[in-house]
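Just the one chain here, the form predicted alone, laid out as C-alpha cells.
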C-alpha cells in the first residue's frame, strides 16, 4: 500500500517538518562524531588543559590516556590520512586480549569496539545504540559491550574497518560479533583460536609474588598433568600469531620487520614494569590512589600495549602515585585541589580509608555516583581491581610470537576456575583486603560462571564477598539507590 498523500502544511506535513528539524542536529552530531578533526581538536584541547593545569582529571596520566584514545580514534576515522612513510594506514578492529603489539609492529591502526562501547556509555548514548542492535536481533541476554558496538557500527558511528581480528580468549561473544560485523561491513575477519588446556591450577600463583603477579604460564608448564598440553597450546597459539602477522602484511602491503616487532615488545615490557610498580604502591596504607581513578586504565591494556605512548602513560601514573605515597607537596596540592580523596589524616575532602576492597571484573561506565559515594564519602577504597593484575612474564623481544602466545595463555581467567580463585586470594593477602565486590556484568558468562566457587573460596578464608549484579554498558535498568543499599549493607558487615 502506498503512503497516503498529505497536503503541505497539513498534519502529516507538519510532523514531517518536525522530524526533519529533529534530524538536523542528529545529522550534525553524526558528522562531528565521525570526523577525525573532531577528535584531533578534542585531543589538543585536553593536552592544553593538562599543560596549563586545568585538566578535570585528578591524575595527569588519566589525561594522557584520554589523549591517546582520542588520537587513536581520530586516526581511525582519518582513513585517508597518510603516515610518515606516505602510506595509508588500514584500520583493524580488535577484540579484548587480541595482541595489539603485533598490529603496531605492522604499522596498522587498532581500534577497539568494546572500548568504544564504554566511551559511548560514559557520554550517555549507550541506550540508543543498544536499541538499534536489539532492532537487528541482537538478544538482550548477550554482552552489552558487543550489542552497543554492533548498534554503533550499524548506525555508522564507528570508523569503518579494513579487517577485524578477534581472539576467542576468555570470550565467546567477541568472535561471533566480529564475524557478523565483518559480513555486514564487507571486511575480512581473522580469528585467533585459543585452545583449552587443563594444565595450570591451584599452584599457578605460587612463588610469583616478587614478580608482581606474573608467572602463571610457568606455573602451568610446571603442572604435571598439563605441562605437555600447555606447551602444545603455546606452540599452536604462537603459530597462529605468526600466520596472522604474515597474512595482514600480505593483505595490506606491509613487511614483517622483526626489529619493529622487537621494539613493540620492548614498549610492552616497559609499560608492564611501571604497571607492576604502581601495583606495589597500592599495597600501602592508606592506598595512595582511588579505584575510580585507575579502573579505566583497562583501556590501555586492551588498546595501547606495544606503543611508546602507553609507556609514557604508565610511567607518569607511577610517578604520580609515588608522589602521593610519599606525601610530596606537588601531589598533595593537586590531590586536595581536585577534591577527590583524602589521605589517612583526613586532609582535603572525603573520609579517610576505612575499608580496603578488591573489585572483580569491570566497572559500570555510564554516569553514576557510585564511586564518589563509596570511596570518598564512606571511605571504602578499591585498592586493587582484577584487571590491574599483571599476569604475564616479561616478554622476549627476539621471540615475539611465542612471547605474545605465552602472555595470552598466562591469563588467570584462562583454564580452570582455580587459577582465578588463586589470583583473588593472592590479591587479598598482598593488598590487605577486607572484602571483595564482584561486579557481575550481565551477559558475561566467563566472569559470572565461577562466581560462587570464588565466593566459597573467599568464605573459607574469612573474606566476605558481595556479588553485585549489573551491567557495565547498559544503564537502562540501573538503580543507584538499590546498588548503594546493598553496598552499604555489605560495608556495615565489614
Partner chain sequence: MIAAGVDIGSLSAKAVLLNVDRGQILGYSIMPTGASSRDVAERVLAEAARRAGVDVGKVGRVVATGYGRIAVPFADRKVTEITCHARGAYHLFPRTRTVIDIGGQDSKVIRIGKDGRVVDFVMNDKCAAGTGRFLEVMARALEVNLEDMGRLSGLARERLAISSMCTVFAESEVISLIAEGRPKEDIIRGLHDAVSERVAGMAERVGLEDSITMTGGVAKNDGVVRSLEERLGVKISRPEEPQIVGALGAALIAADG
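Values in this document were obtained by computation on a predicted structure and should not be read as measured data. Numbering follows the first chain given and starts at 1.
From this point on, the text means the form predicted in complex with the partner chain, which you will not see here.
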Worksheet entry | Candidate spot 131, 139 and 170, all three touching the partner chain in the predicted bound form (heavy atom, 4.5 Å) | no
Worksheet item: Would residue 429 count as touching the partner chain in the predicted bound form under a 4.5 Å heavy atom rule?
Response: no
Practice prompt. May I ask you to check whether residue 466 falls inside a 4.5 Å heavy atom distance of the partner chain in the predicted bound form?
Written response: yes
Worksheet item: Hey, in the predicted bound form, does residue 455 get a heavy atom within 4.5 angstroms of the partner chain?
Response: yes
